[in-house]
Every structure is written in C-alpha cells, then in structure tokens.
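Here you'll find one protein chain in two forms, each presented separately as structure tokens under the names structure 1 and structure 2.
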Structure 1
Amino acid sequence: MKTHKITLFCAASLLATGIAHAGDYRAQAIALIKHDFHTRGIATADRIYEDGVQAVCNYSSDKPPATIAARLQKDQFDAIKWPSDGKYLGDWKSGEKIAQSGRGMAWNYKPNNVNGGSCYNCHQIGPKETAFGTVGPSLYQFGKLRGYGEDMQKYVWSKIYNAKATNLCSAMPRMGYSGTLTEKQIKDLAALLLDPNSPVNKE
C-alpha cells in the first residue's frame, strides 16, 4: 500500500509538470502508473486514461478555446439520459444517505453493490453536518435560494448526471455518465437539494 501511494504521488507530480511544460513527463507518468497498477476486480486498468473531453481540459489548463469548449459541452449535454418517467425528484432522505456515502468503485466492490456519491467531500449541504469539503460551492439552502421549479430540477439533474454538460472542465465527477449512480440515486440527490421539505431548505 505504501509503495502504491508513493507511485501515485510521483505520477501525479509528473503529470502536473508535463501539463505545465508540455514535455514528455506525461508519458513517463502513464508508464509509471501502468507498471504498478493492473486490472483487479471492477477496477480496470483503463481507468488511468482520460477521455477526449478530459484530455482537452488537462492540456489547456482547464481553459480550452471558447469555440471548442462550447461544442464539446453541447455534446456532453446532448448525451444526458433524462429520467425515464420525466420526474426529476425522488426521496430526499435517501439522498442524504447517498451524499454521505463514499463507498463504491473500488477493486473489491461487486458490480451489484450500491455506490455512494461522496458529495460531502466537496460540498456543504445539510445544516447538521459539520465535516465537509470546500472544493465545490456550498449547496446549503440551494432550493430556497435558487427556486424549486422544473428548470432548476433539470439543471440539478444535468449537473449530477454529467457536470461537464454545464461546465466543460468542471472537477465534479460525472456521476450518471460514468455509471456510478443510478437514475433513482440521482433523483434522490436532486430531492435533497430541491425538496422544500428537505432540511437543506428548512433552516
């Protein structure tokens, strides 16, 4: 485990340097990762490769040319799978559990296990949680401040399903696009933010 952590740290440093200086550091970093990390369980080796959209963001320091960004962002938006029944909100109580959970996608996780969203790692959400990250904006009182209408429901759904559909180089994981969260889970998270009865909007 210690060796893997050192390898990952070194690789991340090489990747960052390669992006900044456009040298061959990126290839060295990928080679280092490939040497030490192999397919195991559901964690396949192809995870070390970014897709085309992420590559554009990585190589442009998250600032690709506006025309390219607009086209790619539209492609991401057009690929969103909307709720099969046309309803965007589920159960906010289940949404809170999903937001709290960081489980899933590890090598020893079974394909039929339920993944979490790890939302509190980056966001303030509920009023009673005192431990949360600040990488993303605070979502406390989200619906109360931004409204509960269908347009906002659709926006929240799209943001959770694929954040790159509304901000191409967003650091937020593409929860639906990647298959990490199910349709029901996305509904429940949307309800956590947008149900007027959710504690997020009550206090």
Structure 2
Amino acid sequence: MKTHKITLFCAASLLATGIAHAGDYRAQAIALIKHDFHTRGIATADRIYEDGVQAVCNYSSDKPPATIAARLQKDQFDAIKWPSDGKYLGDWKSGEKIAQSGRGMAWNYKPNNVNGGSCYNCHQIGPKETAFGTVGPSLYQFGKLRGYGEDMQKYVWSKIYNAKATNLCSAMPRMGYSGTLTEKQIKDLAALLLDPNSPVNKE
C-alpha cells in the first residue's frame, strides 16, 4: 500500500532559512512547493521545476516582453521533430480514438501506458462527440475552413507537437515535445483535422 506524506509541522518559516525573502511571494511560493510535493508513480518530484518557457510565462503573467517571447518561441520551433518520412497525415480513425483518450502522464498511469491526447477535454472536434470542453477553440470543420495544403499540415503538426512554438504562453500542452504522443499518433491526429474524408470536414 502506498503511504501519503504529511507536512504538518512544516518549517513554519522557510523565510528564516534564507530561501525566500518576505514580500517576494513568487519566490516564497516556489520554496513552499519544493518543500511540499513528493514523487508518486510516474509523477516524479522534479516535475515541479519550471523550464524556461514556463518560468517566463509564469513570471510575466503570460505577457512576456516581445523580444524574449520571439527568441524563446524560435527555440521551441527549431526543436520540433518533423515526421521522419515527410508525411504529415496518418489515419483519422485512429486519430479520433487518440483525441478521445485522456490517459497518461498522471500518477495513476503506468510508465508503459499508451497515452491519449485529451483533445476533447478542451476542443470541439468531431460532430458526434457532444461531451467536449471549451478551454481551446472549436476545431470542427478545421480543414474545410482553413485549407488542406502543406503549409496548413505543417502548422497543425507543429501545434500538436509543440503549441508553444507558435504561441509561447498557450494553454495547450506540448504533446510531442513532452513525450506524451508518438510521431504516428500526431500524424493520426493531424489527419483527423485535415483529411477531407474525416467526419470533422465531411459532416
């Protein structure tokens, strides 16, 4: 059985230990978080550290100075791994299943779990699924409205692989960059949005 950890008599004052200065609430918050979280399953304790993009967005309340944003965004874009065979689109039927599944990356999943994209958690996509979230924009009829050309295929691939490469403080997770989805899965999702025969565009 797993045992939870407890911090009941915590370092009443992390300030006293010189980790953070009174009044710098962000530094104090980070000091507390470092103290209060532990590894559970695949969700290891090191996840609480911000990477560069996260830190800049957190620090600036999602409004980083334009020059810094442009620089970081370019780094993110340059690090995209494009499909090895140059083909952006896979099988939309399999893409629909990946879009439906919210599995993966949380502490209740095994390391060898087949992850999903959680796409419906945030987006309207196919016409049949009515239980969709609204954190992101509707993607219904995406190809029909935005076009099917190679530029659009490249854009969709980049968006799914790393949403921050075109919008630094996007609320959308970086699904390829974070190792959540495989190259094949991203192709299948891109096909769901951009295959003219997918229900997203057909119906």
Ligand code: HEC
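What we label the rigid core is the largest C-alpha set whose atoms superpose within 1.5 Å from one form to the other. The structure presented is a predicted model; accordingly, all values stated were derived computationally and were not measured. Numbering runs along the sequence of structure 1, starting at 1.
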Number of the structure representing the form predicted together with heme C (HEC): 2
Superposed on the rigid core, does the Cα of residue 128 end up 2 angstroms or more away between structure 1 and structure 2? no
Does residue 106 move appreciably between structure 1 and structure 2, meaning a CA displacement of 2 Å or more on the superposed rigid core? yes
